[in-house]
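Shown below, as structure tokens, is a lone chain in the form predicted on its own; questions about how it binds or moves come after it.
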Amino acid sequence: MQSTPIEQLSDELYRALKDNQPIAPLSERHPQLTLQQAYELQLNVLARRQRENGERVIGKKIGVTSQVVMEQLKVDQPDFGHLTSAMLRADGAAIAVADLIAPKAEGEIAFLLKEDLRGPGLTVADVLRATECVMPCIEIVDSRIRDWQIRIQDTVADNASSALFVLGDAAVDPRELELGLVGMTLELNGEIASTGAGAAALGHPANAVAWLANTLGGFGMALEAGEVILSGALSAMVPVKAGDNLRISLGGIGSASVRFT
């Protein structure tokens, strides 16, 4: 079997991120690329961002949490990526579209951990006990793969297609809510673009966090106190362009907004 040029592909992904120039799908050029190798690529690019740009890991994001997307990518489980200090934006921030490639946005529930979560065997109850608060979040996703022509290996290698994230104006104790029933409204330029509910993230947002902690536990890793965990999109991604204003509202939690310039 043809070998996969891990170092070369890592460099391509890093350069695509730095230069905002997309590259051809990895899975198309290297059909032998495995999911394990895709995560190796992700970690290689992350290490370079830390080393060359001084970025710090401040959390994780969970992707592919809906059945529709799993079927589209032909997988039976979610994926994950890393959040760094350079990716966080303030509520109401202005984001330059020119600094991205093909951005889209989605509304999520973010978890701020007060205790480590080390799997396997963790449940929703364990996640809720370890959570300081939940917050409204807008994740701006972007693909360094040309035209979003991605398979699961492509998006995993590309840090689960994550770009930036915005945390909203409130922090709520998750034990005071039924997170699976929390409703979300996503407004684009003052009009409703999509709606969703907490159950869209693997049936319950804390279930998605438990999945990640249990998956990492198999590799001897943990989710750490102080980390922010994005639990997955609650509705379809919304493409954004310069001049757009986006706002999400989460019932019982709060709102978050961002504008694109």
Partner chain sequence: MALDRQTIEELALHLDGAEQQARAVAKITDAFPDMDWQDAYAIQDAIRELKQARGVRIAGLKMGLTSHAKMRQMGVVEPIHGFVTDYGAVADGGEIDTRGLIHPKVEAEIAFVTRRALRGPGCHVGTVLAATELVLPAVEVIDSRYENFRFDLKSVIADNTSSARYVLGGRPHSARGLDLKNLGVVMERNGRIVATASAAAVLGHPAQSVAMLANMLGARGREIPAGTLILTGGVTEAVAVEAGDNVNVRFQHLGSVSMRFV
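Numbering follows the first chain given and starts at 1. Here the structure is a predicted model, which means the values were calculated and not measured.
One more form of this protein exists, namely the form predicted in complex with the partner chain; it is left out here, but the text below deals with it.
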- Please state whether all three residues Pro22, Lys104 and Glu227 have a non-hydrogen atom within 4.5 angstroms of the partner chain in the predicted complex. no
- Query: How about Gly54: is it within 4.5 Å of the partner chain in the predicted complex, going by heavy atoms?
  - Reply: no
- Item | Gly196, heavy atom within 4.5 angstroms of the partner chain in the predicted complex | yes
- Query: Contact between Gly180 and the partner chain in the predicted complex at 4.5 Å, heavy atoms?
  - Reply: yes
- Item | Non-hydrogen atom contact Leu43 with the partner chain in the predicted complex at 4.5 angstroms | no
- Specify the contacting stretch among 197 to 205, 219 to 227, 56 to 64, 26 to 34, defined as having any heavy atom within 4.5 Å of the partner chain in the predicted complex. 197 to 205
- Note on the structure: in the predicted complex, the residue from Glu187, Asp126, Asp91, Glu132 with a non-hydrogen atom within 4.5 Å of the partner chain is Glu187
- Residues in 229 to 250 with any heavy atom within 4.5 Å of the partner chain in the predicted complex: Leu234, Arg247, Ser249, Leu250
